[in-house]
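A lone chain, given as structure tokens: the form predicted alone.
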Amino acid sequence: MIELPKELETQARETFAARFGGEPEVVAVAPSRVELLGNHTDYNGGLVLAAAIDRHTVVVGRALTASRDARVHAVNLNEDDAFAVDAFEPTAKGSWSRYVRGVLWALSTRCGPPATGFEAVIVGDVPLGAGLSSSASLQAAEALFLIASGVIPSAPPFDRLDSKNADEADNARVELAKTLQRSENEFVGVASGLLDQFTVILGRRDHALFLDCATAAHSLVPLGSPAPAIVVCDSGTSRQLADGMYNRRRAESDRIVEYFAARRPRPGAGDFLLSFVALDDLNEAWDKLDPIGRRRARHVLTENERVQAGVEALRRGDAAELGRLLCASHSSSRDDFENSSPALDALIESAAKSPGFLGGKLSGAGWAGCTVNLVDAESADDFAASVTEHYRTATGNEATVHVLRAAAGAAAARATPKLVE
């Protein structure tokens, strides 16, 4: 069942009619996502606890049976892209159009050349630059539109995305997430892990998603009844530093990987990953290891343990314990991985003084940007007002607060008038 934000759908339909004429044939929607636990664990083959959230990208459009051209309009940016579906190149790095083209490229390499051209309109309410993965949301909505409209030929496993067999549908969605990760890695040029695409495609309302990034094993875990609010607080600080520091942290962690990989066989045919190291082994070898790298590794390995503990807490309905683990994660990020900042620390300290706070941590790469907090749902509005005031007093800066809820994963449907109420 498609859960469609009506305001976004209406805006997309009206824009489509104005630019292309007539009605779209397919509507697709994808949420954004937030990492609850699992900071810098995904590319290390570790564990992550994440949630799809109710900020969305909507794509409406139709196949053009008599054309091999694509015409796409992005409402939020008031920008257009046009290209031939049989021959196109990447656009500028970081551009939305590069992601759109990358999705078509990745699906074409998996399913065969596009059957037709298409027209589409994209609109969303995902805050840009807030670490909520607007790019993966765009990718998933675009991919499902292309498949549902027939622009991409029906082919296994994507012909089973809506299968009544739960295992078949789950497998198809996992393969779609991997395909979109390949699009981002190879076409867009961003060396992302699997977390973002996986979460926006496989999320479920009022659930968290537990993912083992080494094996893609996953499960949905209820957030509780009532589920706590997920509150993202944007510090208003620039994320530009994160790229260089991210690469530095990977290099620092890799020194520990090299030490252990040289001393033991790999557990499989793939690369040896940091998460294959046991925390006890790290502690035993502590004095022999690079003094910076060993702290980076300790963060990753203890974060894996926090993810496991967080899943167990949710399964027994202990949201307060999950909140405590978020706070412990932030402390580990701040002290061992050193990817926090004075602004992020001030946001967490402000949150801790605010009503309904269960726990919080920095979000995404770190160094700037946002924190994610678990908050008693009834106190969410009071929490938002309080954390804004405390942060302003502490820093002189304004925070932007987003009160969110765990949402359903990406979906598509024929764009009949019945979808609009």
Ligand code: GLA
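So that there is no doubt, residue numbering starts at 1 and follows the sequence shown. Since the structure is predicted, the reported quantities are computational estimates derived from the model, not experimental observations.
Keep in mind that the form predicted in complex with the ligand is not shown, yet the notes after this line are about it.
Sort through 390-398, 375-383, 362-370, 49-57 and report the only stretch with a non-hydrogen atom within 4.5 Å of the ligand in the predicted bound form. Of the options given, it is 362-370.
Find out whether any non-hydrogen atom of Ser192 is located within 4.5 angstroms of the ligand in the predicted bound form, and reply yes or no. Taking the distances in the predicted bound form, the answer for Ser192 is yes, it comes within 4.5 Å of the ligand.
Looking at the partner-bound form in the predicted bound form, is Tyr246 within 4.5 Å of the ligand by any heavy atom? Residue-level check for Tyr246: yes, a contact with the ligand.
4.5 angstroms heavy atom contact with the ligand in the predicted bound form for His40: Contact check for His40: yes, within 4.5 Å of the ligand in the predicted bound form.
In the predicted bound form, Glu142 touching the ligand (heavy atom, 4.5 Å): Contact with the ligand, no.
Are there residues in 371-406 with a heavy atom within 4.5 Å of the ligand in the predicted bound form, and which are they, in order? Result: empty, none.
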